[in-house]
Ligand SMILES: Nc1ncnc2c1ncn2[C@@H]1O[C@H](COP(=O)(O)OP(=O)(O)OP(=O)(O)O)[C@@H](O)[C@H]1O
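In structure tokens, one chain follows: the form predicted on its own.
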Amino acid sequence: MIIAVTGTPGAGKTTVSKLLAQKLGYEYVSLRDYAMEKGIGEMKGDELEVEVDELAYNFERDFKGRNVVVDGHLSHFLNADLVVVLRAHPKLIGERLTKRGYSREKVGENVEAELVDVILVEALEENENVVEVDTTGKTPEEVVNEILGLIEKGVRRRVGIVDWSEVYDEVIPYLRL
């Protein structure tokens, strides 16, 4: 089973993915590291730009039939059995990315993306089996246990549980105005 864990940068993908893989006994794959190892894409500044179709083709060739948790904000473009979209309050995204040293422009871009569900919408356009999990105020263990509970119950689609439309005023400092 291939489980893709996606979401806006700062939502908790890497921490949750590693813990989920450990609990399931699955292999953990960082999509960014995989792309770099395979020479897919090119560095533009400190960002890796990839051709999504090439990435998806190579990933499927290398991992089909294996038990994998793949982590990356493009992982929802892969042929996965289940896509987990991690969500986090846009203000939390802004705080985390600012601490990581992201530029004001990049912080604003990602806060806006979380605010308007960009990753969720893309995931739904690409996949049948999509579950949305709000990580706000939860420990990584709580998030993983929620995901495991959904998997155990056979839940293949759970979306629409997050609505950030009421928090716009809280995130104005992070937005690109």
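What you are looking at is a predicted structure, and each value in this text was computed from that prediction instead of being measured. Start at 1 with the first residue shown and count on from there.
Below, we refer to the form predicted in complex with the named molecule, which is not included among the displayed structures.
- Not one of Lys23, Asn129 and Lys153 places a heavy atom within 4.5 Å of the named molecule in the predicted bound form.
- Within 4.5 Å of any heavy atom of the named molecule in the predicted bound form lies no heavy atom of Arg104.
- Among heavy atoms of Arg96, some come within 4.5 Å of the named molecule in the predicted bound form.
- Although the partner is absent here, Gly41 is not a contact residue: none of its heavy atoms lies within 4.5 angstroms of the named molecule in the predicted bound form.
- Contact check for Pro140: a non-hydrogen atom falls within 4.5 Å of the named molecule in the predicted bound form.
- Contact with the named molecule in the predicted bound form, defined as any heavy atom within 4.5 Å, is confined among 140 to 148, 45 to 53, 120 to 128, 61 to 69 to 140 to 148.
- In the predicted bound form, no residue of 35 to 68 lies within 4.5 Å of the named molecule by any heavy atom.
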